[in-house]
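Just one chain follows, in the form predicted alone, and it is written as structure tokens.
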């Protein structure tokens, strides 16, 4: 029996045209990004548009983008994952410990670190998925709990002291390495983002992700294993958090135990700003990329102009509220 993904019928007439305009949120955000880049470039043409600064901004956004790929899948299902920053730190600690235990400064040691980071992330993702999909505990409560548990476990393992015994080849090769002038960290992130976007747009897994977020009950009637799919989505988010932890280790050459306290909120804000609905069922990877990059550009621009960087938080908060209101308006028009 072939299962079909439920579809939604858009309203007709003027409401349909208005809904189509509201549906172009990602395009509008891209325009906002271009305006911001143009503004800061005009204000400081000697600093902001320089290649070195652009690559620096891309590097700053890299780890958040890796987290945001998994977060986009989660939010598209109507869920949320507050644990990604804790899982990132825990995975980085496990990767660092694994490489210390393995010894040496060679590719096999680096591979061991990556595998252990992904396994650590997958373990927390599986816990989240099981409790949410099988035990049916609200995602907010589960992931808030596992955020504390993962961060606390990392502190217990390290006794609150950052591990800095990281192989030099990891830091030099991935953290600060370049390939044809482009940071390796940015290249790795681009591959992950493109892969995540293609899977979301062109595979059954992606279609099911949208469908589960739109109507779980309709999916069950169409013989889609909703609980199984949710488990896979949270597992994916956990694995990518593990990868982000490994990349963070490469970039900073330490576990940065207290350096990711707001990563989860930054990622969720960027995803929602990018047009992915908190209610699930609509959004996309392109919007997520733009939504993550805009705050990075704002922060960098404020620093270049000599303005207090705290204004970035004000601006992002205002844009986030506007994005959620925009999404609610779009949903009301769609439901008419």
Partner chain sequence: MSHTTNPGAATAEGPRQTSIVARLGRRLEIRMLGLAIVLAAILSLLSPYFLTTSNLFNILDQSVVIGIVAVGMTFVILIGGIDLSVGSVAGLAGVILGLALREFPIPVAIFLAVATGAFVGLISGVLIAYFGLAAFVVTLGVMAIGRSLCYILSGQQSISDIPDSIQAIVYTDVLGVPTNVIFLVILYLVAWAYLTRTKGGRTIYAIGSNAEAARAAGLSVLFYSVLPYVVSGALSAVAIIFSVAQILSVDPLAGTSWELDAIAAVVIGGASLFGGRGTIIGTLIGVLIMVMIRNGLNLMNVSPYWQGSAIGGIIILALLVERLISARANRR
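Not measured: the values here are computed from a predicted model. Positions refer to the first chain, counted from 1. Rigid core here is just the name for the largest C-alpha set that superposes within 1.5 Å across the two forms.
Beyond what is shown, the protein has a form predicted together with its partner chain; the following relates to that form.
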{"query": "Three-residue site 137, 269 and 314 fully in contact with its partner chain in the model of the complex at 4.5 Å by heavy atom", "finding": "yes"}
{"query": "Candidate stretches 93 to 101, 177 to 185, 261 to 269, 163 to 171, one within 4.5 Å of its partner chain in the model of the complex by heavy atom", "finding": "261 to 269"}
{"query": "Candidate from 149, 235, 193, 227 lying within 4.5 Å of its partner chain in the model of the complex - any heavy atom", "finding": "149"}
{"query": "The unique member of 114, 131, 253, 123 whose heavy atoms fall within 4.5 Å of its partner chain in the model of the complex", "finding": "131"}
{"query": "Any non-hydrogen atom of residue 145 within 4.5 angstroms of its partner chain in the model of the complex", "finding": "yes"}
{"query": "Heavy atom of residue 109 within 4.5 Å of its partner chain in the model of the complex", "finding": "no"}
{"query": "Contact test in the model of the complex: residue 119 vs its partner chain, heavy atoms, 4.5 Å", "finding": "no"}
{"query": "Exercise: residue 155 in contact with its partner chain in the model of the complex, heavy atom 4.5 Å", "finding": "yes"}
{"query": "Its partner chain in the model of the complex - contacting residues of 62 to 80, heavy atom within 4.5 Å", "finding": "80"}
{"query": "Shift of residue 314 between this form and the one not shown at or above 2 Å (CA, core fit)", "finding": "no"}
